[in-house]
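Only one chain comes next, encoded as structure tokens, the form predicted on its own.
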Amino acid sequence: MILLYDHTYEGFLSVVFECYRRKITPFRILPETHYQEALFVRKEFIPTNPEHAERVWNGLTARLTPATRHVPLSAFLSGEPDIEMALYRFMRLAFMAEQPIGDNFADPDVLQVRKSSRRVMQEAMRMVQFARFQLTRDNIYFAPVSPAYDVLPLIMQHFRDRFADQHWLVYDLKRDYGYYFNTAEVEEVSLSQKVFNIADGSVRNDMLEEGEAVYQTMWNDYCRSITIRERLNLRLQKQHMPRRYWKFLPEKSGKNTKYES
């Protein structure tokens, strides 16, 4: 049997709950949008149940060490093929084991889940480092990103703590959704009308705050002034700051790249 869910983490945990409640072992667990019809295969959609999801999550975290409690969610956000089944087997092992299994790298499912989690957490850290905000006319700081993985849920608390007194919107261009903070709470949003370039997230000039262009110019001048051309190492630079992020960085875009070479 193939069990389908709504592509949310709560939905996936609801599937795990149903597997235990009904004592079934699925052939696959898939987001509903990823399923392709096949002959001789039973399928069933499991609706999201927040109460069931919470019970699974509480039971799982109680069996993991504090250092590994982030692993299931971050691995899930990788969206990698069949990560759901690897996570399902990871959770079954965690529930059966007498000791925490997060560091049992001899188990192939634990190893796969930990590797996926590490890749996602690395990407989340890069988003925190490389996000660049543009101030709009309505006094909202807008940061476009396009991460390899769906990491926004992991980094929102950082921005909320760091910019607690400002209105901001961090928007994932690849997945077409983001989080808006109004100095009181964070809410998930999806913009139907876009006043920014969908390729690099640059806001239209008529929508930018009057002094924003001046600040970007000052920032570019500063970056050029501190660059020591004789010590440039582009290979190392690309290793720590992959080129796919450059389009979002004012100091690395278009005409502002004189200090690269």
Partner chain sequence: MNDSVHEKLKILADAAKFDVSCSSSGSSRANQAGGIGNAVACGICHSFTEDGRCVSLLKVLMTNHCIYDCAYCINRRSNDRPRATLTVQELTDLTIGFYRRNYIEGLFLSSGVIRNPDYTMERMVLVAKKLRLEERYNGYIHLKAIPGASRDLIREAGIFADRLSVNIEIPTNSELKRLAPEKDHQEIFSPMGFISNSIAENKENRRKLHRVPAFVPAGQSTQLIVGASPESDRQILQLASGLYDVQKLKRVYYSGYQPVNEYDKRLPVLQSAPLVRENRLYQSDWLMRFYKYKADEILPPDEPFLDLEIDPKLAWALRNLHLFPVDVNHADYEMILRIPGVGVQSAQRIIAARKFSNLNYGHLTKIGVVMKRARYFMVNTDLRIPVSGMLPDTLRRQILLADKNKKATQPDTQLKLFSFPEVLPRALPESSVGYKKTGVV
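Numbering follows the first chain given and starts at 1. Rigid core here is just the name for the largest C-alpha set that superposes within 1.5 Å across the two forms. Here the structure is a predicted model, which is why all the values come from computation and not from measurement.
There is also a form predicted in complex with the partner chain; it is not shown, and the following applies to it.
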Mark residue 212 yes when one of its heavy atoms lies within 4.5 Å of a heavy atom of the partner chain in the model of the complex, and no otherwise. yes
Would you please decide whether residue 185 lies within 4.5 angstroms of the partner chain in the model of the complex, comparing each non-hydrogen atom pair? no
Looking in the model of the complex, any heavy atom of residue 217 within 4.5 Å of the partner chain? yes
Quick check on residue 252: any heavy atom within 4.5 Å of the partner chain in the model of the complex? yes
Which residues from 73-100 come close to the partner chain in the model of the complex, meaning a heavy atom within 4.5 Å? 73, 76, 77, 79, 99, 100
On a rigid core superposition, would residue 236 pass a 2 Å threshold for CA movement between this form and the one not shown? no
